[in-house]
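What follows is one chain in structure tokens, specifically the form predicted on its own.
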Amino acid sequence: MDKFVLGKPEEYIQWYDDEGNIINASDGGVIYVDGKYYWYGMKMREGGQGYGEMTTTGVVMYSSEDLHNWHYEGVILKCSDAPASDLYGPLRFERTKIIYNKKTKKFVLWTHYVKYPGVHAREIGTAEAGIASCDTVNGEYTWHGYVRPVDNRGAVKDSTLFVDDDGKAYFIYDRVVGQPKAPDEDRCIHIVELTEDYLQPTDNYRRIEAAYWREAPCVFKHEGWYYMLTSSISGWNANQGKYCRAKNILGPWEDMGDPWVGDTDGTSFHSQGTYVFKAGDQWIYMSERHNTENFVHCSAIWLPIEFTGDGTLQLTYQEEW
């Protein structure tokens, strides 16, 4: 493959590794290390809703020098066979993200963790921020347990990581308080500064009102602007995305509306964002077209971000590029 082939906005197009196997790295990200791109995410099981979106394998990784030819590196955060372990599967490592700490020389992984049997809920253990680290990007990561930033009332849902120019790192997540559909249920993206080793949250955080009742945050910085692309909340069903921007990572953030050009049915091209990364001079928006009939056959939808001046951006669908 010498170009990204995405198909029509409603199609499911599989990407394959160099052994002919479907790339199965759900809702993850890409990190660039020593001349290679590393694509990682949770390995889904064959099957539909209630089964396929859990994992009994863990977080897997692929590597590439050109973003087109991918080699399977293996499992970097393994599920356990021991029922007493936090990592006993099936469970969920959703929205896994990896950043590098220049001071500790460790690769640090945060994920939206849901313990066995992998069913979303609100009690402790079912909606957490899981943490792991490793000396090498593609090695076996050591599990450090899980935590709820801010306080234990706030369940952790979709999340991401961001490292600023000054080396400070942030955990950015959909914080949920209250029970589903209860009158006091509250959901809003929060940004939490991490400790110097990136292994714990600090008490420095902000609630981002411009991202109220939003999830799937994708955060990056370009020419002095911080950007956050998000989706609305509709389970596995695609919906209309929006983005907001700021001059400071902790805000204030400004709602900029829908950047998906030509998205006439309000589904963000039938996909949901997972991450934004840079390749050369090009920022690439990673998203996923969820196949709820069989989660192994989800589609990776990667699009170039177009900057339109004055701190604005847009996304235009391209069947291949």
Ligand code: DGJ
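Numbering starts at 1 and follows the sequence shown. Quantities reported herein were computed from a predicted structural model and do not represent experimental measurements.
The next section is about a form of this same protein that is not shown, the form predicted in complex with this ligand.
Listed residues Gly224, Pro83, Gly235, Pro180 were compared with this ligand in the model of the complex; Gly235 is the one with a heavy atom within 4.5 Å. The shortest heavy atom separation between Arg122 and this ligand in the model of the complex exceeds 4.5 Å. Proximity of Arg95 to this ligand in the model of the complex falls within the 4.5 Å heavy atom cutoff.
Contact between Glu73 and this ligand in the model of the complex is not found at the 4.5 Å heavy atom cutoff. Looking at Gln272, you'd find a heavy atom of it within 4.5 angstroms of this ligand in the model of the complex.
Note that among 142-150, 235-243, 125-133, 162-170, the stretch whose heavy atoms approach this ligand to within 4.5 Å in the model of the complex is 235-243. In the model of the complex, Asp27 is the single residue of 6-27 with at least one heavy atom within 4.5 Å of this ligand.
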